[in-house]
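Quick setup: one chain, the form predicted on its own, written in structure tokens, and binding and motion questions come after.
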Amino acid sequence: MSDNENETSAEHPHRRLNPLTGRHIVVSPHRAKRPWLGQEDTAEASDLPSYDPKCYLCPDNERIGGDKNPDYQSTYIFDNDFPAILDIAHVGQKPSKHPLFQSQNIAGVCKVICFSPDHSQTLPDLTPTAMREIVDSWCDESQKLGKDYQWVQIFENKGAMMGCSNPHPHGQIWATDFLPDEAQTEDDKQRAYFATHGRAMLLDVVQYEREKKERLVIENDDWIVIVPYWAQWPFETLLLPRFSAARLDELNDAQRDNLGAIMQSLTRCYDALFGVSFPYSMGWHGAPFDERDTKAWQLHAHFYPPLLRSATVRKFMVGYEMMAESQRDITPEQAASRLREGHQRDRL
């Protein structure tokens, strides 16, 4: 990474490259001053009850498919009642011989993970013990599913603004017998970087960002959170280990504890930004489960929050973004500064 990146202007439009995907982002800092006359959403209610008798995910309640949840007291994982991918491929579908109309049979499993029995507690509200249970569940499920599937995608959609259909804090785990497009792209780019430089791309990013600190939000003994130089969403962040690790199941006890701690610090930064339970989509990326070497890979989690100016004004990925390439208004450096301010307020 070149030291010349600081020459890009904080006031004038420019274009940045995402080395993980090979795609670009147009940065237009001057547009942050424009008036907003577009859609404003209603801020989501934060005063949820600890238990909702109508919630399909609360302990001891019946789910819409008819199964009943146990009276669980910590994390609870179950097979999704409406999985997007089935565990047996549809063998009757034959591939098309036409080069323009190709498809393939796929198989996988989809699981739901309830973070807590408490309907009202999102990640920043949990105890360190409860947070560690979530981290352990991610690590264990990743290792277990990786024995049978090439890719294990762990993610959370938080908030109705990000398409979450149930406010009970939960995430999902999808395991597939194929490598999805985003994973394939990151795999290609990281392996190409390693072949050229002999180092893991994202470990180089960690070293650079820890030295410059301009986009660093928070860090602890094992983990770092940055607003990436190539961030697409206004307050997008990237969570990275400071040590070499290709997958979640490689983490030791201390690294898992510190992961839970920094995730809670980050989500509290988000909540402090606009004084609301901050919506986002979050997902883990680690090395595919295959026979190849994993030295090029560095474990990481993406956080993609939609909010732009306030709790009710979001960033829309439309028009130019859909037809050409991504565009953002505030710079990643400005976003990191504002998130750091939220972290400082949380520590007072």
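Source: prediction; values computed, not measured. Residue numbers run from 1 along the displayed sequence.
The same protein also has a form predicted together with a small molecule, omitted here; what follows describes it.
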| property | result |
| --- | --- |
| is_contact(G275, the small molecule) in the predicted bound form, heavy atom dist at most 4.5 Å | no |
| Heavy atom of P70 within 4.5 Å of the small molecule in the predicted bound form | no |
| In the predicted bound form, F78 touching the small molecule (heavy atom, 4.5 Å) | yes |
| The small molecule contact at M317 in the predicted bound form, heavy atom, 4.5 Å | no |
| Candidate site F194, L203 and A246: all three near the small molecule in the predicted bound form by heavy atom within 4.5 Å | no |
| Interface stretch in the predicted bound form with the small molecule - options 155-163, 212-220, 137-145, 235-243, non-hydrogen atom within 4.5 Å | 155-163 |
| Answer option from Q172, T185, Q150, S74, heavy atom within 4.5 Å of the small molecule in the predicted bound form | Q172 |
| Single option in L259, V112, L123, L251 placed near the small molecule in the predicted bound form, where near means a heavy atom within 4.5 Å | V112 |
